[in-house]
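Here's a solo chain for you in structure tokens, the form predicted on its own.
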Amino acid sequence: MMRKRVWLNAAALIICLIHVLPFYILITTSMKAADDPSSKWIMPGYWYTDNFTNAFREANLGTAFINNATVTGFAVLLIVILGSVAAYPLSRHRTPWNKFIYTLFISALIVPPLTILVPLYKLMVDIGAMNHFWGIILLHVTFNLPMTIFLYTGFIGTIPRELDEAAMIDGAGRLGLFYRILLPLLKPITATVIILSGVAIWNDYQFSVFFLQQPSMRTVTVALASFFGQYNNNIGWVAAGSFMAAIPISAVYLFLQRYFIHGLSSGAVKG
């Protein structure tokens, strides 16, 4: 028993190191001067912050952060509202039609976005959504809704139906029942949805590079990609920019992480 626990602890430690090492190399790289020939594995013995100021200025990260926050904020807000409202009847009323709709939503999870990039591009051009924030927000909402509905449907299934019946007896309508009784109980799964979809949208590159082509509308990932060229790569600036880009979404995760595991396990198991 003791030997098994030692092996499990060793395996857990190795997995933690594998996850931590990229962040360590990111920090050491962002803190090194361009003419420093030392290994990326060695922490520099000096403070060098020019990579951060240069990356912020040359990539226009101030505007890119605002663009990222706009797209991520509105997209996550719509995902939470539409996902929770759609999942409520799908979970509470298991009619054949609702089962069909639910299966249709879940089936969309197996569609890789890149495989339909060409028809998506044609559609975005036809409806005039190119280089508009509302267009890419619509795309993110569409591709994140299936997982959101899956999680919300599973979580709502864990809430006793007696709560619905008690609220209805007290005179609450369907809308009042959802917003005053159910919505506060959905806090863990809402935190999970915000983290999962927020991280995915904040780090998005594939949609941003195709559908936001104007320089003033670039998001952080696209702005940082401008440091990689055919004849020059500025790794230090990219590492510094990536470090700064990770701070906002990491702060959101730390704020909501206490709900994350509970919401994810409840939604996934019952879904």
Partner chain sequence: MLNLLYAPALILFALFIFYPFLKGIQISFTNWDGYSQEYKWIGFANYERMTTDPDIGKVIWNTFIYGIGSTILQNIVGLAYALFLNRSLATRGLTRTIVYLPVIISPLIMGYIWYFFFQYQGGAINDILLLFQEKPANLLGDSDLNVWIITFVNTYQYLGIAMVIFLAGLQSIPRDYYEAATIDGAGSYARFCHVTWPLLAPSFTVSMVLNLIGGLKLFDVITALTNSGPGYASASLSTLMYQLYFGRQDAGYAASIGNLMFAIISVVSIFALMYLRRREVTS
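Just so you know, these numbers come straight off a predicted model, no measurement behind them. Take the two forms, find the largest set of C-alpha atoms that superpose within 1.5 Å, and that set is the rigid core. Positions refer to the first chain, counted from 1.
The same protein also exists as the form predicted in complex with the partner chain; that form is not shown, yet it is the one meant from here on.
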**Message:** I need to confirm a contact call. Of 80, 167, 182, 90, which residue comes within 4.5 Å of the partner chain in the predicted complex, counting heavy atoms only?
**Reply:** 90
**Request:** Name the residue from 128, 112, 160, 171 that puts a heavy atom within 4.5 Å of the partner chain in the predicted complex.
**Result:** 112
**Request:** Name the stretch, out of 151 to 159, 90 to 98, 69 to 77, 184 to 192, where some heavy atom lies within 4.5 Å of the partner chain in the predicted complex.
**Result:** 90 to 98
**Asked** Closest heavy atom of residue 3 to the partner chain in the predicted complex, within 4.5 Å or not?
**Response** no
**Request:** Give a yes/no on whether residue 239 approaches the partner chain to within 4.5 Å in the predicted complex, heavy atoms considered.
**Result:** yes
**Item:** residue 41, heavy atom within 4.5 angstroms of the partner chain in the predicted complex
**Value:** yes
**Asked** Any of the heavy atoms of residue 203 lying within 4.5 Å of the partner chain in the predicted complex?
**Response** yes
**Asked** Looking at the partner chain in the predicted complex, do all three of 31, 63 and 212 come within 4.5 Å of it through at least one heavy atom?
**Response** no
**Asked** Taking the partner chain in the predicted complex, which residues of 110 to 126 have any heavy atom within 4.5 Å of it?
**Response** 110, 111, 112, 114, 115, 116, 117, 118, 119, 120, 121, 122, 123, 124
**Core fit, then residue 239 C-alpha moves 2 Å or more between this form and the one not shown** = yes
**Item:** residue 37 C-alpha relocation of at least 2 Å between this form and the one not shown, rigid core basis
**Value:** yes
**Request:** Would you say whether residue 27 is displaced between this form and the one not shown, judging by a C-alpha shift of 2 Å or more on the superposed rigid core?
**Result:** yes
